[in-house]
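Here's a solo chain for you in structure tokens, the form predicted alone.
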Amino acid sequence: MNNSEKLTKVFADTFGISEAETKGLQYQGIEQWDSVGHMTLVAAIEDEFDIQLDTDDIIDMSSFEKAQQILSKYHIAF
């Protein structure tokens, strides 16, 4: 499984949505992605990729695509 597939799976599993629904997904774009859901997502991403995100990156993570950009800063290729 490549990193893009891993991130897609993390989003889908965290929010209980299909993998197809993750593309273009934005913060508060679905009911599940509220502030609590956001922190659950952050924890799942940190576990999956064995990283610790900076506070600024956690705050900036406003979409699926932005999550990819942020993870690239941690040397995770997409």
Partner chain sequence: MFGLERYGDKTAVITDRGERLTYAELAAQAKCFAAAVAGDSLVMCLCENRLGSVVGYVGCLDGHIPIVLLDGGGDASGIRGLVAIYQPEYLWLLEDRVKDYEGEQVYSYGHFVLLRMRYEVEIEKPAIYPDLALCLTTSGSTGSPKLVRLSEKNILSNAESIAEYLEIDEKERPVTTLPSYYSYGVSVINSHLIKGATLLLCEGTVVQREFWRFMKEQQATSMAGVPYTYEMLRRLRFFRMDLPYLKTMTQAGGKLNEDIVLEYLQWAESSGKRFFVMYGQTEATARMSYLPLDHALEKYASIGIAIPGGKFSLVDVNGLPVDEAGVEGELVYEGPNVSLGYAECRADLARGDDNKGVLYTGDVARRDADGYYYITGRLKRFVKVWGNRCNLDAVEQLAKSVTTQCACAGVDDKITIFVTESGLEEAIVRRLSTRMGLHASAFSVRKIPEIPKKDTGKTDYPALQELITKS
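Residue numbers count along the first chain shown, from 1. Everything numeric in this text was worked out from a predicted model, so none of it was measured.
We do not show the form predicted together with the partner chain, though everything after this point is about it.
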Quick one: in the model of the complex, does every one of 3, 6 and 18 get a heavy atom within 4.5 Å of the partner chain?
no
Even though the partner isn't displayed, in the model of the complex is residue 48 close enough to the partner chain, meaning a heavy atom within 4.5 Å?
no
4.5 Å heavy atom contact, residue 58 to the partner chain in the model of the complex
yes
Decide whether residue 54 counts as a contact residue for the partner chain in the model of the complex under a heavy atom distance cut-off of 4.5 Å.
yes
Does the partner chain come within 4.5 Å of any heavy atom of residue 68 in the model of the complex?
no
In the model of the complex: members of 21-45 within 4.5 Å of the partner chain, any heavy atom:
27, 28, 31, 32, 34, 35, 36, 37, 38, 39, 40, 42
